[in-house]
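Only one chain comes next, encoded as structure tokens, the form predicted on its own.
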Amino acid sequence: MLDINTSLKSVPRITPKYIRVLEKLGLFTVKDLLLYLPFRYDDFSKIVPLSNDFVGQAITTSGKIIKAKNNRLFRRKMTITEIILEDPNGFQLKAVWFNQPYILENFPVGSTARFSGKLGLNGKYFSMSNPAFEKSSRDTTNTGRLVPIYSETSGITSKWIRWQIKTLLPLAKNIPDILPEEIRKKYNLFDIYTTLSQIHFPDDIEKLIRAQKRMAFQEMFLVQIRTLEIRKNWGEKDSNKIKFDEKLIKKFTLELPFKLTDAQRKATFEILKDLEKPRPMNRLLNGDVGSGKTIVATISALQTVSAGYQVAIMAPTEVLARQHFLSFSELFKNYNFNLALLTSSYKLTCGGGSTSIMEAEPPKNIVREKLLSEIKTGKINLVIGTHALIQKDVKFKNLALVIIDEQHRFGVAQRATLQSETMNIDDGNIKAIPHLLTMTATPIPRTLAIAYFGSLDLSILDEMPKNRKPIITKIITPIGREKIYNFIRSEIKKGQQAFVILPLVEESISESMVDVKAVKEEHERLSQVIFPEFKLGLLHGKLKAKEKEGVMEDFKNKNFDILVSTSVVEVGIDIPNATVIVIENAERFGLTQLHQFRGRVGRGREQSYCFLFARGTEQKSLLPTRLKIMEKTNDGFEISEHDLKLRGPGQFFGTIQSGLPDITMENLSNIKLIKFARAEAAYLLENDPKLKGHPLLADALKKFSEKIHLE
């Protein structure tokens, strides 16, 4: 007899062929399959007779099959299935499918059927191309309703998943409900069985929304319990108290060639006050592009090292790590600090204003060992590197502050390791753990920050340095391309430089050879046809770290006038002389990413420009509305709010990065839902901190924590 814990291998109709695919999706039991939720719906709920009134609309219609045939096109190796359906009023519908000859077996002449799809009109017939279908005698599963669409993979279709779930759904009555009854009643939330019934096969749109809200609340409730537990756990640890040396900080800031913004001063003060506490800091510095978070981190490091402790700074790439090393070396050139850069490619140290390179020549381990020894003995005050810094052979004498830059670019598993390792890192003091400062140059809307970074304190850099001129941004249609090329020529002749950015050709996390080919072809076109008089550099993700750095260094040293790059161009890379950035196929990027690219220019004194090249239309009015937001504002937080509303948090952050389910991500902009979930989580933990009175919730939280990491 089947129950929710039955292995899918034991379910009739699920053959070994399907089992292999289901297991790849992480589905092993009946319960797993029932909790596999749709990501969207086709609305075929409008059941109507054939009529001109419904042409162009998605409808469901039914009738008798009066003709059915397969046409084989041998030259094109294609089969076209044609079925003529006649409705009760005598109107006829021609339905067509491509390469699905088996459909004919289901609908012999004389049988009745339901077809769902977009209604067209073709001569004397109404028409549908590739409609959903089922026999009229069957319950509405694939037609005549809001039809669920699931994430599919090779060998498995939404239709197949629907049939399995429809059969197994009654077993959902036995799934334990982890949401306490009092919470369900308080917020008028469905029980788990009703929720799953309405999510898989909704009666109407209102019940579907209510069911989705219930699942979103449940996931957000778990998120908030977990973040509050992390916050409490972190707050119970001991850390080194680092006294705020006002005289030291004042002297350093007065010697800077610029004045700190009010936002920088406020964030710095918040961090320095955190460092004075006996509990470890766990703070997120959330800054706009170019808002100056590096100097805030520098002041934090200055205070820590001056008090006799060590600092570790982690960046997600070697290029960024090396840039930080050079920046911090310059900022601390008048201080008696020893700095080191430790990555797989570099082992560098500097101190007292001079820089020496410890060559990574064979035997490499001896060079690395020398640097590791200097870190362990405390000779090195500040270590900068990639996540190589948290490897087990890296030991510190008295590490008191860890700064993680661009943390959102580390994957979920890496982020989990980074935070847990700052607690477990060998810092020379078994009683204390280091203070933790994470930084991001992606302005995160406050809603998302509360939900996703709920265990961290927040410092916001929402103010640009006074000497920064707003970047002039223009959307350019194909007709205006030549004019922009001429403008770039005039800028380069004035001694400035330019970026040209291409999107990924294939939508994937890392670049493919297709992307590399595309950027190489564009580099060749621009070099030979458009700008033969200038020198052009080329940057893409398939280059090694040293090669990337060489390209960026050459660009910075003006060996190239124009840099052609895929979207690999580093966030945080500083080229003050670059005043123009062209972004090809801008409509393919999210607003937040476009804002990040735009931040590659505007770092010097000259006026800078961002040109968004858009394809597909000569008329600006027909371009995506969201692109026009880029013309209107340079405010990253305002842009990120728009991005969140337009694309949803799943796209904004990347669901792959978050580990959160689609339904939860879609509801992250629901501030009320997040506040309610957080209030209930706080109340629950206050009254039952170990969740002993809520064993189902405790078990769900354990599984939840295994699949997701929250800062």
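All residue numbers refer to positions in the sequence shown, first residue = 1. As the structure is a computational prediction, the values presented were derived from the model and not from experiment.
A second form of this protein, the form predicted together with ligand ADP, is not displayed here; the remarks below concern that form.
Proximity of residue 316 to ligand ADP in the model of the complex: non-hydrogen atoms within 4.5 Å are absent; the residue sits far from the partner. Among residues of the shown chain, residue 259 is one whose heavy atoms approach ligand ADP to within 4.5 Å in the model of the complex. At the 4.5 Å threshold, heavy atoms of residue 603 reach ligand ADP in the model of the complex. Residue contact check for residue 574: one or more of its heavy atoms lie within 4.5 Å of ligand ADP in the model of the complex. The partner is absent here; in the model of the complex, the one residue of 117, 144, 292, 148 having a heavy atom within 4.5 Å of ligand ADP is 292. Taking 101, 235, 465, 180 one by one, only a single residue has any non-hydrogen atom within 4.5 Å of ligand ADP in the model of the complex, and it is 465. Note on the interface: of 293-301, 223-231, 495-503, 80-88, the segment with non-hydrogen atoms within 4.5 angstroms of ligand ADP in the model of the complex is 293-301.
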